[in-house]
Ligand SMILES: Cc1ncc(COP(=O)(O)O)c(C=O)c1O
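Encoded as structure tokens, the following chain is the form predicted alone, with no partner shown.
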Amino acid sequence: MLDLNEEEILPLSLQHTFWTWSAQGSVSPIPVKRAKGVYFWDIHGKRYLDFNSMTMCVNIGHGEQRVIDAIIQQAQELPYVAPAMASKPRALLGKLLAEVTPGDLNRFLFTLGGADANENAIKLARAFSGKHKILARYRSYHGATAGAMAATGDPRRLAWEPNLMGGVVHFLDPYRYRSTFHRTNPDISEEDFCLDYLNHLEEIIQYEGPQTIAAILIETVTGTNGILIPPPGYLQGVRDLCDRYGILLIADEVMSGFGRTGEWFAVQHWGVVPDLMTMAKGLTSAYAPLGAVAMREEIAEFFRERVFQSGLTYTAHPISLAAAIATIQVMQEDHLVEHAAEMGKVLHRLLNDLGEKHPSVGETRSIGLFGAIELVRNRRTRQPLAPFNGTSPEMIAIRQFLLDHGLFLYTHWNILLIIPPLIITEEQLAEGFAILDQALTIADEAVEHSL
């Protein structure tokens, strides 16, 4: 391997890399040297507590030797095999996944990540149903490839229109804190709130014509756009609408899957089995790139005599599959799903305590180790601390404070995302929240100035 002075990592990376989601002139990456458990270190030895699992994906934590060893062993034995061939890791991973996925989701199409998993789920739904429209929500994010970006509802889609996949219709999310339908009656019951949004979806289905709609694609729990947890009865209601109108249900579990919410998959909280379910991120805990589409047997059987006209050179890559097998085994051996559920209670309490203390906290939301803090300038008006699809000096200052004090997390508009590795302890959560507590004084000052 070529040798490189650590001090050269940042300048060479800036010189030769074209960075995603960034204006190239304003990129300022952390030069990372190593990572272990829930921490990572930069080249200067500074330690960061990883409250975002890097990119919401390192569920089992950093530097897990059991997964590293599995990758090494697979690389020595069979580093690559053509997509049309069978292999030991392909056989084993299919068996393991069938044991942890809900209901009768027992056939798997392997991809490289979440975006192409969603693209292939859409292809499968369109081919199986013979229909073309896809319904998705406005606060969803499904990936950056052309089809997945078309399904994405948030403003990341806008820069690439109209050169995206056609046939997508968006509808509103059941986002109680900022409900479009309930600005004048915020005290509406959970049951009526849920029913209003199901009625809204049914109205869209009727307007678009159920005979044209192949599938409804939703993030089970909306991720980067705010950890929006569906109200009781909502997912069951969406499932019922799909059954009533002959529409497939695709659950995007790329971010919410593999223990993140305290269940293997978030749909299991509500006892719902989708027709197709996408996964990535936690599938390998990002030790290697891999995504998958889980499908019901009847969808796979549809292609018994029909050719599925799609594929990827790296489909079912043995090294990635080996990483996934080892990741699932680590989760099972260490009871990480159960641990995430227990630590979820701690996270919920810490979020509530922070909300009670800081007037800048409009709302906190969490399910398992999937949490968000929504910051506002005024609790009464709910004016966000940063505008929709924008930022503010306060949000920039908060993020910089957190980094300066060794806490790494993502900010999205006026929201702080709390998505740590599932191995995190109560003490480590408290460590991060002590830094958050200090940082929120910046937001509180903005509240004082707005009064």
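Being a predicted model, the structure only gives us computed values, none of them experimental. All residue numbers refer to positions in the sequence shown, first residue = 1.
What follows is about the form predicted in complex with the ligand, which we do not show.
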- Tell me, yes or no, whether residue 377 is in contact with the ligand in the predicted bound form, where a contact means a heavy atom of each within 4.5 Å. no
- Message: So, residue 142 and the ligand: in the predicted bound form, are they within 4.5 Å at any heavy atom pair?
- Response: yes
- Message: Is residue 317 part of the interface with the ligand in the predicted bound form - any heavy atom within 4.5 Å?
- Response: no
- Message: Please tell me whether any heavy atom belonging to residue 119 falls inside 4.5 Å of a heavy atom of the ligand, as the geometry stands in the predicted bound form.
- Response: no
- Taking the ligand in the predicted bound form as the reference, which of 216, 347, 115, 276 has a non-hydrogen atom within 4.5 Å? 115
- Message: Please identify the residue among 255, 124, 247, 109 with any heavy atom within 4.5 Å of the ligand in the predicted bound form.
- Response: 255
- Task: Name the stretch, out of 206-214, 329-337, 162-170, 134-142, where some heavy atom lies within 4.5 Å of the ligand in the predicted bound form.
- Result: 134-142
